[in-house]
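In structure tokens, the next block holds one chain alone, the form predicted alone.
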């Protein structure tokens, strides 16, 4: 086998180093951090490939199957395997008042994989299979959870990107410049931090015009939450920047004639990126819970669009929880995502601590 051309050798060597670094980081992870990373990848896959993963349209209503329980799967035997390897007995309502269902053993609903552009679905969309049951309007709960990941999983990333970028640059500038500008910026941050955040968030969310699109509502909620959250982070960054200002490498940069913008961009801000990454990962759950609280109260993402917050609205009635416990499943997904971000943030904090980078 001929040797690689010399021009390609550095590229392949760099690729091998990157693979080795990733493998080393994976080995250094404890099992909670590994499980959290895998879980977050799955949830973001839900958000990115919702039309493929969700078996049905999330707004399609099966009016004869409201509050339907999850359906059991059975293994197909014999010649019926031409229809599919798995099937479920469709449920029929026998008590409309109590919404009690029994399986119809005279029919079978076969499950097909990679069929009609879905990861799994039924041969006939009018005869659904409810993996996690249905909600009060007869919509497939699993499909709505998958589509709800678009909002609940992305709002944290977008919100942290906005608020932490703003807090990082404002805090670094304030701490490095000092003087009256620093004093003015910090007093403004203290005013924002003194506001009761949740009630202020409710007041701002209440002014969102009714009837706006889901995308517009999403970005308005992100903007509101970012406006509330950046001040506390900027104040911490300001203290770090004020300390870094006296470091020898910053003093040397000033002595060599470096401009203020260059020193901030090349020395001060990079020195704080590790701390910013840790706090960003630990702050994402706060955005997710904030959006869920707003949507749960009817001030966030509105029907028929789905988020894990507004899917929990049916769980506000204790009787629904008693009779239809599967309505709590969106809360389970939300809890798992919040715990995953916290475990991953703890791992980043341990790895980026002084003395642990190797």
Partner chain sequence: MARFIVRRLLLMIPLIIGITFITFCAMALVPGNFVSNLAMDPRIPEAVIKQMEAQFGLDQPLLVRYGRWLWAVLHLDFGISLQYRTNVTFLIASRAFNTVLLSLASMLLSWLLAIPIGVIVAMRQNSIVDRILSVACFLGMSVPAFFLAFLAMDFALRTGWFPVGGTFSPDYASLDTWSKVADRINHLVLPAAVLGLAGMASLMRLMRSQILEIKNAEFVRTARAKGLPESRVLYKHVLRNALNPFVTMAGYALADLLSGAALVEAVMNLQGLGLLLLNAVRSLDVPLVMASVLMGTILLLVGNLLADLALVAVDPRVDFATLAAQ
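Numbering follows the first chain given and starts at 1. As the structure is a computational prediction, the values presented were derived from the model and not from experiment.
Below, we refer to the form predicted in complex with its partner chain, which is not included among the displayed structures.
Asks: Among 82, 255, 246, 191, which has at least one heavy atom within 4.5 Å of its partner chain in the model of the complex?
Replies: Checked against the cut-off, the match is 191.
Asks: Looking at 299, 33, 68, 54, which is the one with a non-hydrogen atom within 4.5 Å of its partner chain in the model of the complex?
Replies: Residue within 4.5 Å of the partner: 299.
Asks: In the model of the complex, do 289, 321 and 346 all put a heavy atom within 4.5 Å of its partner chain?
Replies: Spot residues vs its partner chain: full contact, yes.
Asks: Tell me, yes or no, whether residue 305 is in contact with its partner chain in the model of the complex, where a contact means a heavy atom of each within 4.5 Å.
Replies: Because no heavy atom of residue 305 falls inside 4.5 Å of its partner chain in the model of the complex, the answer is no.
Asks: Counting only non-hydrogen atoms and a 4.5 angstroms cut-off, does residue 200 reach its partner chain in the model of the complex?
Replies: Residue 200: yes, in contact with its partner chain in the model of the complex.
Asks: Is residue 328 close enough to its partner chain in the model of the complex to count, meaning some heavy atom within 4.5 Å?
Replies: Residue-level check for residue 328: yes, a contact with its partner chain.
Asks: Considering non-hydrogen atoms and a 4.5 Å limit, does its partner chain approach residue 41 in the model of the complex?
Replies: Output for residue 41 is no: heavy atoms all beyond 4.5 Å of its partner chain.
Asks: When its partner chain is placed as it is in the model of the complex, which of 192 to 200, 68 to 76, 161 to 169, 101 to 109 ends up with heavy atoms within 4.5 Å of it?
Replies: Of the options, only 192 to 200 has residues within 4.5 Å of the partner.
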